[in-house]
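One chain follows as structure tokens, the form predicted alone.
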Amino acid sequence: MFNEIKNQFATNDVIIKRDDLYKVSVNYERVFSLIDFVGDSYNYKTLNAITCTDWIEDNHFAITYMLTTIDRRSTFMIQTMVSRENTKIKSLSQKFKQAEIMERDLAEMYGIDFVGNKNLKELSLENWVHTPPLRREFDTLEFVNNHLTFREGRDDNVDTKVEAKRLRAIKKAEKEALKKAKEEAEAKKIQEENQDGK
């Protein structure tokens, strides 16, 4: 199978991660032909996930399609790179119904346009007009400071670092108290055994 893929799809980027998990990276022009090929020839018929990794330093996204065989015994990861600028990629929603919502999520979180997906409306971010939040240039702290109101004055408003430190101290004290109680119980037992032996 792998020699066939290397020859037919002009790639040497084939990784056998386990006996049941493979990964192939191909140029964008060949990615959908490869998806069809492994489905038709090797029974990878189920689309489990579409993932995106932001490689901002190289100015592209790594889009990975995860396909499994019908018996779910083997997984094939097919990865391609697309530019971060004006990102467009063909939709798989006509081939796999479940791709519609996966692409909708990636469109919202990374700003990717899946051409042919007729349902790329907002999924969880209402009226979002900012940089897509999973792009690496999105500054979460700056966004929170500029757009969200903190819970000042509320009893449940705590500094998370201070609270985490307080909880660690309690846990440590409990552990030390348990250790001390155990040592005292052992010492008492030894003392009682010594008294009985007299």
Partner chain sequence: MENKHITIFHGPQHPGITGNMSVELDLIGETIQKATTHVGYLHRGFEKLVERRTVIQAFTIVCRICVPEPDPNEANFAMAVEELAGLEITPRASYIRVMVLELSRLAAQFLWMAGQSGSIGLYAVGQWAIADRDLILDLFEELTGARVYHMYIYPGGVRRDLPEGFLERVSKLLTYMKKRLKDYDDIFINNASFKNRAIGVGIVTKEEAINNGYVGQILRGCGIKADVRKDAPYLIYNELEFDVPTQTAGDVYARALVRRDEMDQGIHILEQVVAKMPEGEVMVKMPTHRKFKLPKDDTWVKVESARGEFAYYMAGDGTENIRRMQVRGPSLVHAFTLLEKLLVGAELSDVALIMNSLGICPPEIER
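Values in this document were obtained by computation on a predicted structure and should not be read as measured data. Numbering follows the first chain given and starts at 1.
From this point on, the text means the form predicted together with its partner chain, which you will not see here.
When its partner chain is considered in the model of the complex, residue 53 lines it closely, a heavy atom lying within 4.5 Å.
Using a 4.5 angstroms threshold between heavy atoms, residue 89 stays clear of its partner chain in the model of the complex. Using a 4.5 Å cutoff between non-hydrogen atoms, residue 171 does not count as a contact of its partner chain in the model of the complex. Although the partner is absent here, residue 102 is a contact residue: one of its heavy atoms lies within 4.5 angstroms of its partner chain in the model of the complex. Three-residue candidate spot 3, 12 and 113; no residue lies within 4.5 angstroms of its partner chain in the model of the complex by any non-hydrogen atom. Taking its partner chain as positioned in the model of the complex, the residues of 85-124 that bring a heavy atom within 4.5 Å of it are, in sequence order, 96, 97, 98, 101, 102, 104, 105, 106, 109, 110, 121, 123, 124.
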